[in-house]
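Taking the form predicted on its own, here's one chain by itself in structure tokens.
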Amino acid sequence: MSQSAEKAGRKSGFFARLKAGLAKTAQGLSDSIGAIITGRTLDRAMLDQLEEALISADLGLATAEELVEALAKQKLGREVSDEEVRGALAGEIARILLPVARPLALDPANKPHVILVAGVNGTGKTTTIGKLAHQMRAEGRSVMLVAGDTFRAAAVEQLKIWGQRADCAVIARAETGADAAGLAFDAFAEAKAKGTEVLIIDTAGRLQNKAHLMDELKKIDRVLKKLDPSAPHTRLLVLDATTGQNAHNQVEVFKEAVKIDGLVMTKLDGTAKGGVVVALAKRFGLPIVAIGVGEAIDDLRPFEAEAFSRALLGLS
């Protein structure tokens, strides 16, 4: 099999997993739109019902209103089918998502390129780091991981396991509760000395202790600048798509501490309402660099606006 055919196969397989992951949302939206649009002329009453269906899929009020008004401009007063409406909505959703669909970019001038990864415990943050490391190693890059969630021994051990899978070093402290900023500083210095290309730093996600968490993130961000004023070069926030509208609150909380350069959406694998991705794009405009659609090592992939939009509406 040629490389292009193999790549196309992987892409097709990923879309199938994405579509399966969004099946719950897609089925709900399809059923709702099918019940509303029955071959009749599209009127305002039907548009109001469509808005409610979109809100129920976690797209949020502002996004739902924008989508419905765009649909009204195109189709109001015309006889439409439910598939035609789903296609129009998918196109409008893709328009919202296209500006934020930006793959993670590494600057070769930074050696290492430092990626600081934040997120609430349980979002899949450590697993995401492992998958990113695996992808970068597959590209031939040298990668070092930092177990900055020093308060959770389980998180440190999990990162070490991923380090073994991805064949990259993991820098950690033996004692629980060690200073995460000091660890990040030492790891950065070691990575610079070794000429490592990418340094990925895990952080604590104890949101119940918000003030301490924010102070710790600020400190890590600050001490890294002592070695390189431009570091960290990328700050990623990992969000669990199953949390729905609570994801908005998490973005707000973490933005209080550090600048967020991009989002990674995880667990789009069957239980999430998916529409929250569109709502976050509309509200914050932050790049969505990747999405996770399962537990397998290759189930973290760059975010594609059109593929996501069509999967969300149950279109092939």
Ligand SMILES: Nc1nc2c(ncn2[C@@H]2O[C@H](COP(=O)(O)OP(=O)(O)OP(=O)(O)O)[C@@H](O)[C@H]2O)c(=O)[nH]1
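Counting begins at 1, following the sequence as shown. These numbers come from a predicted model, not from an experiment.
Beyond what is shown, the protein has a form predicted together with the ligand; the following relates to that form.
Residue 152 is the only one of 75, 152, 192, 160 with a heavy atom lying within 4.5 Å of the ligand in the model of the complex. Not displayed here, the ligand is approached by residue 294 to within 4.5 Å at the level of heavy atoms in the model of the complex.
Not displayed here, the ligand is kept clear of residue 273 by more than 4.5 Å at the level of heavy atoms in the model of the complex. In the model of the complex, the ligand sits beyond 4.5 Å of every heavy atom of residue 196. The ligand is not drawn, but in the model of the complex it has a heavy atom within 4.5 Å of residue 269. Note that among 242-250, 125-133, 140-148, 177-185, the stretch whose heavy atoms approach the ligand to within 4.5 Å in the model of the complex is 125-133.
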